[in-house]
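Quick heads-up: it's one chain on its own, the form predicted on its own, in structure tokens.
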């Protein structure tokens, strides 16, 4: 009998809303992944709501990872106030009834949990699908996690590839703009980061047919996603007249599982933390010499510039189909 396949240990760092829940289930049903912690923060809803959402989804789908409540607000300035209820509903999950889960969050906070989990696992990755407050706070507690982590895959940012720009300002993406200072701290650290931004997520689009197929193939998980995404699709319909939207956060999971589906460049990334362009992600170009020294000495990130969209959608469907077996 062959030896059991070693699973990759992953922390899911999230401001769990509708597309975050889709990504969490994607990660949960991926056969090569073990979720060892779920860390929450404010973003798509308050940290109280996102923590409740994480606990409810974990309980409903028997996700064994402990949930750790994280940041209630940013380290520095943020773009905007409140929460995007017009996108994710009042509870962050399209207003579907989740109830109060019997599970409870752990007593330690998300930043301390990240530090502890780094010490407990020889190999560990983070998939971060919200702002980067918890990770920046963990670095402040123990800078050595930068060497202990294998990598952090971030859904966030926009660099202008394929004509894609910001979604909360002309240049800023929502996750990064929710805590630009934290993002700049993480990108400037020694952590190996991969950035899956709007440049590629806006290329990976699903609609009602995709959701109907998922509901038919993926059992209770598919039906849950169909119910949760109804609010989400209606929001995007109000913008474009089409019942379709990007598979934002799940693209970060897809990158973790199949980086070959993405094209990347390796460049230092900085984030604008104040002023009219707050939240903008800007990568350098190492074949140029600049007057500015702000990118000098900054480690390179893998920045996604293109994607095999059909490949990502197929990977999502085939992975979630395992829930229906």
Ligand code: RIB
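Positions refer to the first chain, counted from 1. Note that the structure is a prediction, hence the values are computed from the model and not measured.
Here the subject shifts to the form predicted together with this ligand, a form of this protein not shown in this document.
In the predicted complex, this ligand sits within 4.5 Å of a heavy atom belonging to residue 173. In the predicted complex, none of the heavy atoms of residue 251 sits within 4.5 Å of a heavy atom of this ligand.
Although the partner is absent here, residue 116 is not a contact residue: none of its heavy atoms lies within 4.5 angstroms of this ligand in the predicted complex. The shortest heavy atom separation between residue 126 and this ligand in the predicted complex exceeds 4.5 Å. Partner proximity in the predicted complex, defined as non-hydrogen atoms within 4.5 angstroms of this ligand, places exactly one of 220-228, 242-250, 96-104, 180-188 at the interface: 242-250.
Residue-level contacts in the predicted complex: of 40, 281, 53, 44, one residue has a heavy atom within 4.5 Å of this ligand, and it is 44. Every residue of the trio 155, 167 and 198 has some heavy atom no more than 4.5 Å from this ligand in the predicted complex.
Looking at 76-113, the one residue that comes within 4.5 Å of this ligand in the predicted complex, counting any heavy atom, is 88.
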